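Just the one chain here, the form predicted on its own, laid out as structure tokens.
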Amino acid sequence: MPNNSLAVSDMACSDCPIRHRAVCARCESDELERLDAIKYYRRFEAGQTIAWAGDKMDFVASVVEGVAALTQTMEDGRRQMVGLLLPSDFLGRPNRESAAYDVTATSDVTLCCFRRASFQALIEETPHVSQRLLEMTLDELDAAREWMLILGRKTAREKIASFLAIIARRDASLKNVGAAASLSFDLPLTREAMADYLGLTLETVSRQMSALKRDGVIELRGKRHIVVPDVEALMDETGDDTDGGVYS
């Protein structure tokens, strides 16, 4: 972890905004006390590297605020963004000593960190933590499969709509909004980063965002703020078979 990360004041677990979605979601009060005893917070500014691929990681962490990007670099220097870490997502693996990808803060990021060795010992003795970590790992696998579909088979418009829908769902779940008719959220990526993540050009991303705005699917307020007046209309643009039926 870089030395120029910024320390932040402690936060009580009961006040944590990701309390009911993070790795501690199923913990009882005594288990939370054990986690609280080994946690510490670190803050990274937008653009800072949290970890380099191959470097030793002596910590694991939950994203409390902000968004981080996972990036892989090929031998010839080409780079590809392979994932995003959003609030409540888990960074690192208790049984893995080194980072698998470059991890970079795309916005200001706050991490709730645990020393890897201490966390490994804790999950061996705390079934609620190990069970939740397994659930989150399986959710991550499902998300990777969903992303394979987005990148491999969807049109540019469907890719943009799918990305917006994923961010909107996560934002709504953290705010405990439920099945709202409309949603609003801030984009975690610039349009250049969206293009990299979706395998599109910057021009295509800008054109499709403008088209979705023109068609009333989204509203753009400022550079990053998105309003979705009708969530079902956005879902219709993703190309997903949400009713389980067969396309004609």
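For clarity, a rigid core is taken as the largest C-alpha set superposing within 1.5 Å between two forms. Every value quoted in this text rests on a predicted model; they were computed, and no experiment measured them. All residue numbers refer to positions in the sequence shown, first residue = 1.
Beyond the structure shown, there is the form predicted in complex with the DNA, which is absent from this document and is the topic of what follows.
The shortest heavy atom separation between residue 156 and the DNA in the model of the complex is within 4.5 Å. Contact between residue 191 and the DNA in the model of the complex is found at the 4.5 Å heavy atom cutoff. Residue contact with the DNA in the model of the complex: residue 210 places a heavy atom within 4.5 Å of it.
Interface membership of residue 53, defined by any non-hydrogen atom within 4.5 Å of the DNA in the model of the complex, is ruled out. Contact with the DNA in the model of the complex, defined as a heavy atom within 4.5 Å, is made by all three of 201, 220 and 223. The stretch among 53 to 61, 66 to 74, 183 to 191, 36 to 44 whose residues place heavy atoms within 4.5 Å of the DNA in the model of the complex is 183 to 191.
In this overlay on the rigid core, residue 78 has a C-alpha that sits 2 Å or more away from its partner position between this form and the one not shown.
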